[in-house]
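A lone chain, given as structure tokens: the form predicted on its own.
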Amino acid sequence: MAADTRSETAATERFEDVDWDDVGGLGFPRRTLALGVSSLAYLVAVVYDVFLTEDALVSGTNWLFLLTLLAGVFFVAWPLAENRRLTAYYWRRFKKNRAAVISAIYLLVVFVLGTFGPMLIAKPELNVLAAYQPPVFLSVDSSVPTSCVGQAADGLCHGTWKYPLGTTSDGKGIARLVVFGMRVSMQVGLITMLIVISIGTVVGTSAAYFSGLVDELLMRYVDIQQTFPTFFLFLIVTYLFKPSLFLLITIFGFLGWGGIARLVRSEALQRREESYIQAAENAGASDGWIIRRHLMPNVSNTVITAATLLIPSFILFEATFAFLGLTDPSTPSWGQVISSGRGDLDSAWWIATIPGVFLFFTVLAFNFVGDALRDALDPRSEGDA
């Protein structure tokens, strides 16, 4: 009876009488509105900082990092919060991998410390009088440090809480260097990943959907791009211009998406023949709408897994270039600290070892998380779980 009453009410209800708040609102969804407002505010801030101030208040890398965080909020965190049932399902599958859960917690700590730590602590400064201080709870021969900042007893220099992880050969605190290195690693990994995933997904889905000449042209360009040695281009650009983190990110971001484009294309080719794609075409939907609303969401699982596994590669690239001295020496990096301590392994092993441990576990954690995400998001692994 109640159902019949609701049916009669709905049949006689006029357009102007509808309570649009009850049916999900009228106009743009909240996420779209929030994204539009945030994007406009971001563009205004960038234009003001770059063009209307004499000296930029924020570096280009930090602006890109902020853009990456916004993308993560609107295209990852917000959809997960809206689809709680699906999120709970994926979480149940993900947490079966204990190593991945521990790795995710570790990466969350690294991300928070790397993002907000440099805002709260000062950048490490040169202090030759505090060189070669050992980590707290450890001690070295008093002849190793320039002067012992901690307690000196029985010919040994003990570590101090002023430098909990010790200091480098120029007296910089390793704890602070590690925190600033976390920011560099997160920036390189996340920003480069966003650029690679964005371009690779657009190219891959477009090639699969349009096929024919478009597919041929795009894939041949990918072939040419992948044969070009990005490493040597980076060396040339570094030689011509001042080395910077921004150059590293942009070069590897805009020239490293070929593999993702091929991966997305192979997945999108399978989705291209699905009935819902044909139904959308028959209904008169535009090509852009079909790619954006059907193809891209249905290859997102593959993209997310690939993105997670790409991040450690970019972190290792940056650490390698920093170790070789090919990055900005004024930007603290794990690879840079490892390089500065490689000649003191016999007397001051902590200089190279401690940032090396953080680098190792960060790369390992991303790989664990990537494997677990692949198992959680891939329905074909259901039988193996």
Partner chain sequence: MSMHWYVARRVAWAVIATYLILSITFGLLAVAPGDGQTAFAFKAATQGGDVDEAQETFDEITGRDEPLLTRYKNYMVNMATLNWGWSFTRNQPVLDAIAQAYPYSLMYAVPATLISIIAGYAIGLYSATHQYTLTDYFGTFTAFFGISIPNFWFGIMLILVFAVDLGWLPSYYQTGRGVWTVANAKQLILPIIVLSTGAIAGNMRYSRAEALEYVHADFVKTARAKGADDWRVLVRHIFRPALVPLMTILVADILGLLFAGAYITEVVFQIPGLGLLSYKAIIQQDTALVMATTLIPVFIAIIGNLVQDIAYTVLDPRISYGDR
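Not measured: the values here are computed from a predicted model. Numbering follows the first chain given and starts at 1. Basically, rigid core = biggest C-alpha set you can superpose within 1.5 Å across the two forms.
The following text describes the form predicted together with its partner chain, which does not appear among the structures shown.
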query	finding
Contact residue in the predicted bound form, chosen from 91, 137, 239, 116 - any heavy atom within 4.5 Å of its partner chain	239
Residue (of 151, 227, 211, 270) lying close to its partner chain in the predicted bound form, criterion heavy atoms within 4.5 Å	227
Exercise: residue 59 in contact with its partner chain in the predicted bound form, heavy atom 4.5 Å	no
is_contact(residue 349, its partner chain) in the predicted bound form, heavy atom dist at most 4.5 Å	yes
Residue 45: touches its partner chain in the predicted bound form, heavy atom cutoff 4.5 angstroms	no
Touches its partner chain in the predicted bound form: residue 63 (any heavy atom, 4.5 Å)	no
Contacts with its partner chain in the predicted bound form - residues in 351-366 whose heavy atoms fall within 4.5 Å	352, 353, 356, 357, 359, 360, 363, 364
Post core alignment: residue 72 C-alpha displaced by 2 Å or more between this form and the one not shown	no
Shift of residue 224 between this form and the one not shown at or above 2 Å (CA, core fit)	yes
